[in-house]
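Before any questions on how it binds or moves, here is one chain, the form predicted alone, in C-alpha cells.
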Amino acid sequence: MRVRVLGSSAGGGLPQWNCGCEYCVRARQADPDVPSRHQPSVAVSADGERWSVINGSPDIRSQFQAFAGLHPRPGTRDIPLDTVLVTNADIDHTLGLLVLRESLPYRIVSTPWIRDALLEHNVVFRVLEPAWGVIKLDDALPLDRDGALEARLFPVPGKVPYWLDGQTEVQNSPEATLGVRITDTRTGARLVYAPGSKTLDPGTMAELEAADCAFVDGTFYTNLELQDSRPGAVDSVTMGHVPISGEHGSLARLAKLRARCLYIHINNTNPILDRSSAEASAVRAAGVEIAEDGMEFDV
C-alpha cells in the first residue's frame, strides 16, 4: 500500500497561530531545521490512484492542495477519495470534515460513540450525517472500492476530548480513542496508526509488534514538557499522550520492534521538531523516524 503523510504536527500545527515559542518562531522564519507542519493525518492507497484518509484535520484543504494525488480531475468535482476514517472526536482530528461538507461523494466512518459524540453535541456536524457510517471495534472495513485495503479499529488508552468534559454519559468509553490497523489483503502488509495513546498497553503493543509500519504518538518528548514552558500545566500522560523519553516512555519500546516506526502528532514544544537537536538525533539513533509532511512511501 502507498502511504502519504498529510500532516505530522499536533493540534494547532506548526507554527501555531497564537504561539511564540522557539519552534513556532523558527518555523515562521522558514528555518530549514524546523519545517512547518500541518495538523495530523495520513492518506493510504492500494493503487496510488484512489485514496482514503485517516481523520479530518482542520488543515485538510491545504493538505489536499499540497498533494496532487487528491486533486479532482480537471473539469469535474470527481476527487479520488473513498473513505475518511475517524479515530477520535478531538477537534484536530475532525474539524476538517466540515471543510469537505460542500460535496459528499466519499464516506465518513467511525465507531458509533465518535459519531454520536460529534453529531449529538455539535449541531453543525449534522450536515455530514448523510455520509456518516459506523463500524464496531475490530470489525473489518474495506477502505477502497476493490477491498484491497481492510481497516480495523482497536481501543488505545486515551482521554475523552476536553470539549466533552462533564458529559457523564460519554466518559470512560473504550471507543473514545482508537488506533487503526490497515492490512493490504493482497500482500498481508500491515500499517498501524495510533497517534493518541497515553500508554503503550499490552493491546497496543501487540498491534505494534505485528505491524510492518506504525505511526505512534510523538506529542511530547518528556512527561513534564508543558510544565517547563507553562508552569501549572498538566503532564503528558494526564493529557493523554505517552512521552517519548524516560523509563516509561515509548522510544525504548519502539526501538525493539521490527516495524518501521514513525512519530506523528508532534506538539510545538517538542524538541524533535528541530532536525538538528540532540533529541531528534536520539530518536533516529534508536531506529525510529520522525514523520514530516509530504513523506510518501510503500508498505
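Please read these numbers as outputs of a predicted model, since none were measured by experiment. Just count from 1 along the sequence shown to find any residue number.
We do not show the form predicted together with ligand MLT, though everything after this point is about it.
Engineer: Only one of A27, M239, I272, A43 has a non-hydrogen atom within 4.5 angstroms of ligand MLT in the predicted complex; which is it?
Structural biologist: Of the listed residues, the single hit is M239.
Engineer: In the predicted complex, is there a heavy atom of ligand MLT that lies within 4.5 Å of any heavy atom of K159, even though the partner is absent here?
Structural biologist: Yes, contact at 4.5 Å.
Engineer: Residue-level question: is R37 within 4.5 Å of ligand MLT in the predicted complex, judged on heavy atoms?
Structural biologist: No - in the predicted complex, heavy atoms of R37 and ligand MLT never come within 4.5 Å of each other.
Engineer: Among 88 to 96, 200 to 208, 174 to 182, 122 to 130, which stretch has residues whose heavy atoms lie within 4.5 Å of ligand MLT in the predicted complex?
Structural biologist: Within 4.5 Å of the partner lies stretch 88 to 96.
Engineer: Within 250 to 285, which residues have a heavy atom closer than or equal to 4.5 Å from ligand MLT in the predicted complex?
Structural biologist: Heavy-atom contacts to ligand MLT in the predicted complex: only H265.
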